[in-house]
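What follows is one chain in structure tokens, specifically the form predicted alone.
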């Protein structure tokens, strides 16, 4: 129903005095300004990377990063109009939009990858629970009516467990849920990474994770803005997204370069701060209609909402369509490949030279670096070749960072014809 939003609005009324100074700082003198509410979670890392690199300033937008301690606090600030955007999820977006499209999704922030899950189902240390079917009728610790509740159910259904045979027990505080699991007071729980990995290090049993949901993309976090902000400041939203995508590409190219910043800005258990592998961040991807409709169906099935805004009202792809790199001209790229002397090191017939052959590169590039598409890998290899040095070859290729974006796009388009 509407109990979640009504409860938030009641709390917001009590907080209005403390939020007034924050809400008053909405106008910038020399650049449009957006206020973003950030939980201390991995998903927000590109905000800090973009801020440190000066990407927001380069794009002509001022981004105020406002730390929040919980999803409840974040949601209060959204309803009060004290923040303009956030990282959230499909479940909370559906709750926000049950009466009107208050929030619009403009991009994915994170999603599950085969080797990089977002959420894991775990059994308590020393328990006899080892496979998904063992969780039948076992109380599973979750935060009720949340993305964790939804994902836990969808993971187990993907493993063949009937939803009617599942039992959940609410504990909204993730740290407490973790502690109850490790103490055996919860026989099982669903936790986000990297806390889930810390639980495994501490002896918890991994039962299943949301890598099972990669193809459906049910497990994702998103970048969402208030619809009013999108209507009033579309240029600022586009500028923000350009900076975000640059930061995400930087992280994907060299995750270890950002470990210290991740540790500084988010909550990371000591036991995994050095071992946890930073995941890739999706770039220029947006929520599919199938993922949205499945979330809405679950919300209605659970009685959390009676209805919510449609996919067209909620998911706004226009910004990504506008800023996504343009497709290049393969013929122009082939001419550039020759004129730049690329054939001197990279053969077209499979023979090795000073550099690897590009024969068949279109079919290989997408699997070279986890999280990077073939096009992204090739683009990065052209402008920053030292980022990815193929085994057996030295880092001798010069950086073609003075090429125009159109030229790089043309080269990538040509290379993608080499199947």
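Numbering follows the first chain given and starts at 1. Just so we're clear, the structure is a prediction, and the values are computed from it rather than from any experiment.
Heads up, the form predicted together with heme C isn't pictured, but that's what we're talking about next.
In the predicted bound form, heme C sits within 4.5 Å of a heavy atom of residue 337.
Interface residue remark: residue 342 is counted as part of the site for heme C in the predicted bound form, having a heavy atom within 4.5 Å. Taking non-hydrogen atoms only, residue 346 approaches heme C to within 4.5 angstroms in the predicted bound form. A residue is said to contact a partner when one of its heavy atoms sits within 4.5 Å of a partner heavy atom; residue 406 fails this definition for heme C in the predicted bound form, lying far away. The chain is drawn here without heme C; in the predicted bound form, the stretch among 31-39, 53-61, 66-74, 371-379 whose residues come within 4.5 Å of it by any heavy atom is 371-379. Contacts to heme C in the predicted bound form (heavy atom within 4.5 Å) from stretch 342-365: 342, 345, 346, 354, 355, 356, 361.
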